[in-house]
Ligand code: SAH
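Just one chain follows, in the form predicted alone, and it is written as structure tokens.
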Amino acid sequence: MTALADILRKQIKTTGPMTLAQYMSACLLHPDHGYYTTQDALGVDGDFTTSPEISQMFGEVIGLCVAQAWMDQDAPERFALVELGPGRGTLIADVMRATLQVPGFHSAADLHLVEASDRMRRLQAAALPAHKPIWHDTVESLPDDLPVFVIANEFFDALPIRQFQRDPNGWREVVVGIGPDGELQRGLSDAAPIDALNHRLDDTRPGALVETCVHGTAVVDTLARRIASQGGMAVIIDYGGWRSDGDTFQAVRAHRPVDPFTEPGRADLTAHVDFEALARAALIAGCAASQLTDQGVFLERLGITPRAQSLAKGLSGPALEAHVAAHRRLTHPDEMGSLFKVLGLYPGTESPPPGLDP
């Protein structure tokens, strides 16, 4: 067990079982013992690898997507270029390099990074020595008087979720409590009607489990209102599907699944993204949403294969093999190409971001 496990057990003994969202928040963001505070998560030596870390091509074509969207909206003289959860800064660094030759893009862009971890901010600053990013703890403090062009790659999957199991008498919430052996474990609350889940009564039966993420819909609401009123767009890339269906809560350590309750604070906790909920939140806020698109299809539309072929000309041997494998991993349906999805948000008066259909 971990120091955080002791803290959580004491809290539960005092206040009772906690929601899964409360548990995730503590495990990921505790100031002294949280995962993002203490662990080196990314890369081969970390717990997981994201698309920007697999190949520079990913960030390059995303950068050109953003630049084209900026030009399609008449190239505003000043805008906020935003990344949510920038990791080590690899993606946004590749974006900035790929757009260096786009006339007027860099001089118009104010770079904003939404990152709560001081440790990660230091890594991002090191990756962006030629730029002057402005950091934010949350999206609420992003500019509300500029067009916002937003990139969110594997951001929403780490936001805290709640789980609810359908019951003949309503819904029972999944909670985290203390088992007979004194260890942390899942439990269920008493059944009760929940108005916010009435729309799921038609497509579920008793025993079915659904997940909700109010943090995610709140983020989209904030971004969508800015996009609808000031212009811009958002590209959301993550793993998930159109509607929550079943238990997707998971923990990963050293690239392998682990029990999420065994060593809280030492494993990455995520859940699949419910893109339908995000799209609905955007529409309610007055913003348009694109069709949900496989990552592989999106990247191919943006020209990742010609870029891969261009880069391959200067490679041979193991370097070429690694390059080909990276392209396959990002785009092939049996790998990240269909597991990851892309949703675009944009003003209803404009076209969707390049690579996405309305």
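What you see is a predicted model, and the numbers here were worked out from it, not measured in a lab. A residue's number is simply how far along the shown sequence it sits, counting from 1.
The next section is about a form of this same protein that is not shown, the form predicted in complex with the ligand.
Contact annotation: the ligand lies within 4.5 Å of heavy atoms from the stretch 154 to 162 in the predicted complex, the single such stretch among 154 to 162, 283 to 291, 206 to 214, 182 to 190. Within 4.5 Å of the ligand in the predicted complex, a heavy atom is found for none of 145, 231 and 351. A single residue from the set 201, 71, 116, 258 has any heavy atom within 4.5 angstroms of the ligand in the predicted complex; that residue is 116. Contact between residue 29 and the ligand in the predicted complex is found at the 4.5 Å heavy atom cutoff.
The ligand is not shown here, but in the predicted complex it comes within 4.5 Å of a heavy atom of residue 52.
Among heavy atoms of residue 140, none comes within 4.5 Å of the ligand in the predicted complex. For residue 86, a non-hydrogen atom is located within 4.5 Å of the ligand in the predicted complex, even though that partner is not displayed.
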